[in-house]
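One chain comes next, on its own, written out as structure tokens in the form predicted on its own.
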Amino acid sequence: MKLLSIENISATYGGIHALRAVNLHVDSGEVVSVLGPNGAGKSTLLRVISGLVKPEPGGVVSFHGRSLIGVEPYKIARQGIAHVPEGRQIFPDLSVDENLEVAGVRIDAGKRKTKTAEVYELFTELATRKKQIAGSLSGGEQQMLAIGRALVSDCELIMIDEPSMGLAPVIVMRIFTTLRDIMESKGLTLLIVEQNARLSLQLSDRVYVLSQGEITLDGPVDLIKEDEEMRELYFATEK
């Protein structure tokens, strides 16, 4: 069942024509990755979905069949879409606990407490730093907190922008392993933007490749791995 549907979406961001007639969908329970180099339009795509960038007229963005075009970002979040942006963007002056509390403001206190406990079970590093100011956490811990905030929000779809950026390889593996566990155990859906193709393909069911604002390749992971252009771009060292 299509959870998120994007049809013929074009958008200009920062004076650049960042997206050109993009078509993409995410089914319920899937992990879908969007790969591409810097400047391909990946982050703009997520910003369009979450209402932070207005697309050009004529396109469709829908969630559960309901249009998101023109809907305010906070209302999109309330529909069950959590956006973990590039650079994490946690509240640095609040504690870990307070960051999670703010993220769960729209749900009742009992459910928020349960979901917060689940986050601390998934990310035990955070459980020992509940009262620590978030801005003093390591980069990896801040990424864990950003993902934790999405989980506490009681979302159905998590969109994550460059989760591996600036992190040590061992922390990246920890993040990606936990993401897969989250998807499998909680029945959530994930749309991930990432430059680390190898890790993304290990995590994903399907992949879209974005280049200069256009989808140049899409399909199941196994077919994407066999594509000669993909091998040249991302897996040349494996030949």
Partner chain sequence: MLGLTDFIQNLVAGVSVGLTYGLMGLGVVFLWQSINRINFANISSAMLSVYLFFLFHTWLGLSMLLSAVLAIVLVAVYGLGLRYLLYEPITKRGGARLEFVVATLMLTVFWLTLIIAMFGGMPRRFPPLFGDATQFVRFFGVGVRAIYFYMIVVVAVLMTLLHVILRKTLMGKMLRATAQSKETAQLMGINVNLTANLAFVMSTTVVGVAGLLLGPIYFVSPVLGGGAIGIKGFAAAVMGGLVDPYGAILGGVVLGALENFSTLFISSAYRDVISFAVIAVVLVWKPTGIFNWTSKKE
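Numbering follows the first chain given and starts at 1. Nothing here was measured: the structure is a model prediction, and the numbers come from that model.
Absent from the display: the form predicted in complex with the partner chain. The rest refers to it.
Visitor: Is residue 77 one of the residues lying within 4.5 Å of the partner chain in the predicted complex, judged by heavy atom distances?
Guide: Result yes; residue 77 sits at the interface with the partner chain in the predicted complex.
Visitor: Using a 4.5 Å heavy atom cut-off, state whether residue 52 contacts the partner chain in the predicted complex.
Guide: Residue 52 belongs to the contact set for the partner chain.
Visitor: Looking in the predicted complex, any heavy atom of residue 89 within 4.5 Å of the partner chain?
Guide: Yes, residue 89 lies within 4.5 Å of the partner chain in the predicted complex.
Visitor: Residue-level question: is residue 158 within 4.5 Å of the partner chain in the predicted complex, judged on heavy atoms?
Guide: No, residue 158 sits far enough from the partner chain in the predicted complex that none of its heavy atoms falls within 4.5 Å.
Visitor: Checking a candidate spot here: are 72, 85 and 101 all in contact with the partner chain in the predicted complex (at least one heavy atom each within 4.5 Å)?
Guide: Every listed residue reaches the partner chain in the predicted complex, so yes.
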